[in-house]
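Next up: a single chain in structure tokens, the form predicted alone.
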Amino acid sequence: MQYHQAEPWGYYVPMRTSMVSDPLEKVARLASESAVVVFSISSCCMCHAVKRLFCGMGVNPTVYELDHDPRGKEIEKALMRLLGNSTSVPVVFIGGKLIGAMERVMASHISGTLVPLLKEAGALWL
């Protein structure tokens, strides 16, 4: 798999076609492959904001742009089921664990719990 620098805040990784047919299994597999994973839609302003937040902290998340993937709609529906609401993106995983959508990431950042999570996952060293 070749990684392409797509934006200055992380990596866009084209999703590989694999044997995994269940979208939830695919989400779990992709989320566990990097320290910070963001499921995004390229035209979403909140997705852009969360990617900029991580960039500003010195974190380079792996970004999966669902609108660039043929199975993106299925994965988006699976993410909605995981979150239990209608907000599907951005969805952030740190250290393979679901953090949630934008409001959960910002709440963690404001409360001071985001940086320890990033350090524990190996996404931040300082």
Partner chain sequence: MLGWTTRSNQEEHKPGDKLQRRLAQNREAARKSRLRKKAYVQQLESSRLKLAQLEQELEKARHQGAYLGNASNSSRVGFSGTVNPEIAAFEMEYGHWVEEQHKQISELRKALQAHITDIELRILVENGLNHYNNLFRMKADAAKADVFYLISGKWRTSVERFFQWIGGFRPSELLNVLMSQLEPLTDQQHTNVCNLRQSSQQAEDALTQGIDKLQQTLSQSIAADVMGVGGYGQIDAMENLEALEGFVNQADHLRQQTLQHLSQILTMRQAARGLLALGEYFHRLRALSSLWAARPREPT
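Keep in mind that this is a model prediction, so the values were computed, not measured. Residue numbers count along the first chain shown, from 1.
Here the subject shifts to the form predicted together with the partner chain, a form of this protein not shown in this document.
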query	finding
Location of the partner chain contact in the model of the complex, chosen stretch of 72 to 80, 47 to 55, 30 to 38, 91 to 99 [non-hydrogen atom, 4.5 Å]	47 to 55
In the model of the complex, Glu103 touching the partner chain (heavy atom, 4.5 Å)	yes
Those residues of 103 to 126 which, in the model of the complex, come within 4.5 Å of the partner chain by heavy atom	Glu103, Met106, Ala107, His109, Ile110, Ser111
